[in-house]
Each structure stands twice: as C-alpha cells, then as structure tokens.
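As a starting point, one isolated chain is supplied in structure tokens, in the form predicted alone.
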C-alpha cells in the first residue's frame, strides 16, 4: 500500500530514501538549551525506524527574545552545538538525514511559558498586536489577557537583528553537520505574524499587500541561503491556524494565497511544510485539495503535508492537542492523495512520537499501537 511513498526524492544536495518525514515536535527536554545523549537516542530510534528525513523540534535562533522555555534547544553556544553534533552523528549512523527547525516565537514569547525568562521586555511583534481577544486557543485565558495589550511595533533594527539571527543559526547548523534547514513560519510565531494580516498592519514595506507581508519571511530565506550555500535545502513551515486563534486564516482565496507565497518561493524555499490539524481537510470550497495541494499547484514548489496521519479525529476545537485520540489507519486516503501528486512528502508527528517503529508497522500492514498520552511527557 505504501509503495509509492517509499520512493526517493532529491532536494538540492540531499537525497531522501523515502517520502516519510518525522514532523517537528517540541519536547522541552534540553536543559539550558543543550541537547543531551537522551535526545540523541530519541531521534536515533526514529531514524532506525526507516524514515526518509527527521526534522527536529523547534530550535532557538541566536536572539535574546527567540524562545522562552529553558528546555527548548538552541543553535548557538559551544555546549549546545556540541550536543547537536552528537545528535546529528547518531542519526546519520542510521542512514537518515536530519534538519533543525529554526524557531523564533515572536508574539508568543513568554505566553505559554512565563518562567525564569519572563521580563518586562516586550515580545517582538510586527505591529504590536498579539492576536484577537476571542480566538479559540489552547493557552490559559489569563495568559491571553496578559498578552493582549499592544506593544511598540518592531523597529527596522529589530527586524534586521532577527533576520541575522536566523542566518547565524543556519550557519551553525551546517557547521555541526545538519543536512538542510527547516524554518518555522507558521502557527502565529514571528515569521507568521508578518504573514498574517491580523497581526501585520504595517504601512511600510513590511506590510500592506500579501506580497509585502511576505517580505520578512523572504528576507529570512535569502539570508539563510547566503549563509548555507546552494547545496543545502531550505523548508518553510506555513499554516492557516495560529496559536492565537485556531480559526485564523492566512488567505481566503487561492489568488490571495498565491500572492502571499510567491515572494517566499522566489526567495528560495525548496519545500513548503504545510501544517494542518488534519491532512484531509480541504482548504478552499469547491476543491478537495488540502493546504499542501494548493501550495504546490500555485507555486510549483515541492510540498509536505501533515496533520493527524495515523490518528483518529476529535471534535474538539483544538483537536491537535487532544491527548486521547485513538490510533486510526487513514493511510489509504493519504496514499491516494500522494498518488494524485497533491504533495511530495508526508510528515508524521504524534504517531511517531508514540511509536518509533510506526513506519515499519505501516509498511508491514500491522496494527498501530494505541496512542499513549504518557508519551507526550517522556523522551521515549
């Protein structure tokens, strides 16, 4: 059944043995931002399961307001880079490429986690806006209330510093042996807060039209390309939904989405990682195409789908964080879409977190393991 997903794919200088990718999932197990041997073993177990690519959890770029939780790994500092070198070597020993997901939380800094890093320093926001006061969220309502007051919009020097931070961390990633670069541009974090019209109301060259709102992300991609060279592939994660509102939309029409994504594709994105709660949800009325399908059709760029692969659906408004979804075999529908050339890669998140051997079970048509919510709290 999975035969077509087990074909190789070339992305610039990197060959993926198959089309199944471990999706980035934050775990917060890197004390002080330094990945440990346990973290390396966690990724190695998934690599041993036969994946075509691993994309790591979100990794802090080299910026003082990039991430809040001290358990989030970083890609700067001697100890952290040494830790990542060990992780990369462990995954490579299993014959699997690995990319870091570069992360800057932007407006979401010190919202979900307000611990020792919490200060009076404001999070970076394009226009000083956090999000809607009535959005469907998973964060505690009190944290939203504390985040709603507007702050000063980002200054030009702050924008330049943030772009430089992405480039510096991408350079570090290649230096420790990562095979490609993934960039988090979704879910209401920094890049996405420029893309999203609700949080980007700037009247200068960083805002206004969809193409102008894409400029910050495009400049990040260009800076990363200059830092890593031409042989290293770059992926960009995008989404409609946001942490500030699961009902949010980047674009309401294909034309609007095309205008938004065009500058990003032109800047050098090799793969759009298209995040949805469920991969089989149509993006626009009148077409069965999902987000990845529309992005590929509109840009001609390779895309990756993600969202609930191997998991049953829940009716909860923030179902992607539901801790009790049962395992489900929705692979026939996934493969059918892949065979129609709707997308080029499939990213598996919670199913792989639950079972490192998930892909082998799928290939051998064995039953999936029941989802164990305890796996969300341990590095198994």
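Positions refer to the first chain, counted from 1. Being a predicted model, the structure only gives us computed values, none of them experimental.
One more form of this protein, predicted in complex with a small molecule, exists but is not displayed; see below.
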{"property": "One residue of 353, 334, 39, 47 in contact with the small molecule, assessed in the model of the complex (non-hydrogen atom, 4.5 angstroms)", "result": "353"}
{"property": "Of 74, 213, 237, 242, the one that lies within 4.5 Å of the small molecule in the model of the complex (heavy atoms)", "result": "237"}
{"property": "Non-hydrogen atom contact residue 54 with the small molecule in the model of the complex at 4.5 angstroms", "result": "no"}
{"property": "4.5 Å heavy atom contact, residue 308 and the small molecule in the model of the complex", "result": "yes"}
{"property": "Non-hydrogen atom contact residue 35 with the small molecule in the model of the complex at 4.5 angstroms", "result": "no"}
{"property": "Contact label in the model of the complex: residue 104 to the small molecule, heavy atom within 4.5 Å", "result": "no"}
